[in-house]
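Take a look at this single chain in structure tokens; it is the form predicted on its own.
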Amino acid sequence: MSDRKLRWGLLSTARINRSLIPPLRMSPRNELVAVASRTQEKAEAYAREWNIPVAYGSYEAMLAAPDIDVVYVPLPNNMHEHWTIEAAKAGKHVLCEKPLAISVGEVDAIRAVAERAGVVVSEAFMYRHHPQTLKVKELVDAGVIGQVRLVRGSFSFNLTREGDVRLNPLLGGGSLWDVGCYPVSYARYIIGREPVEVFGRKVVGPTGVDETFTGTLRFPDNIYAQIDCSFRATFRTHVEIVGSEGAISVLHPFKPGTEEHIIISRGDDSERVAIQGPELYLGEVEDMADAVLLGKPPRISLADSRANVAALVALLESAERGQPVRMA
């Protein structure tokens, strides 16, 4: 099985595809063989532009193709559940863009179908596979900064494209689903436990989605996470992990490059730790190959995805109600 190549198909011509195409082509265990769109003309034009061998004029046609092993789902958030399930029913493994779904029930439905079909479904949080993230987790677990007390995470940028799907509430838009999911995921991963209570606040834009969101998550033993995200603030990404004996500052937590560094602070002293890594999106491609070809569990399990979605849903509920929400 380890000598076999996984044959990938792109389910749509979404902009994010351009991040996945290069790693698929540099990986010795994966290859890009097809793209699907709503029309044959659009699929063929995209296939010519990106030198993809096969173009399908419908999503259904690609899912029915026997020579596709893995489907990448980069569709709007509200379509993730449906097409992930359809791909799994067709016997395809799935890498689905974050968030995997926009309700806990949807994640449960995906998991049930994936288990029946015997396929791997993984959420595309690319940062979780990067050596920087793994190093930060290793340092925290080793007690380098003592007991974790607080994790702070931010992700914002100015969304200027009119009509962007992320501004459409019917498509699962909003800053929390789009970029706030990253600091929530990061905090949960570093703390290694699930929140017991959350409190959120939002600024709603003219289309009805949260354009800015701030949240506090309380974990067992009174460990806290504070997150903020926005479509209406300057570009910034940052994570700080504060412990009883020190702190770790991660300057590029969600989209780390090939040459990165983190800063470990203890009182007046600070240490710069250099970290090298591969092309950012290569990790999730190789993780899928490990899971399918070698039988390893994917780094981001469906249980992990379910817990992240549950936290995001609770934050949105809290912001709507104006009061804290207890987690089940």
Ligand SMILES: NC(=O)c1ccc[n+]([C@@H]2O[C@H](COP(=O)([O-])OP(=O)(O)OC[C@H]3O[C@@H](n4cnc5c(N)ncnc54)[C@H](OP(=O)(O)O)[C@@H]3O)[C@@H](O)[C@H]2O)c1
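Just count from 1 along the sequence shown to find any residue number. Bear in mind the structure is a predicted one, so any value in this text is a computation, not a measurement.
A second form of this protein, the form predicted in complex with the named molecule, is not displayed here; the remarks below concern that form.
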Can T13 be called a contact residue for the named molecule in the predicted complex at 4.5 Å between heavy atoms?
yes
Might D178 be said to contact the named molecule in the predicted complex, defining contact as any heavy atom within 4.5 Å?
yes
So, in the predicted complex, is E240 in contact with the named molecule at a 4.5 angstroms heavy atom limit?
no
Consider R166 of the chain shown here, and say whether it contacts the named molecule in the predicted complex, taking contact as heavy atoms within 4.5 Å.
yes
Which listed residue (L75, A233, A247, I191) meets the criterion of a heavy atom within 4.5 Å of the named molecule in the predicted complex?
L75
Counting non-hydrogen atoms within 4.5 angstroms of the named molecule in the predicted complex, say which of K92, R128, K98, K202 makes the cut.
K98
Work out which of the listed stretches, 222-230, 129-137, 77-85, 203-211, brings a heavy atom within 4.5 angstroms of the named molecule in the predicted complex.
77-85
Within 4.5 Å of the named molecule in the predicted complex, counting any non-hydrogen atom, which residues from 45-66 show up?
Y59
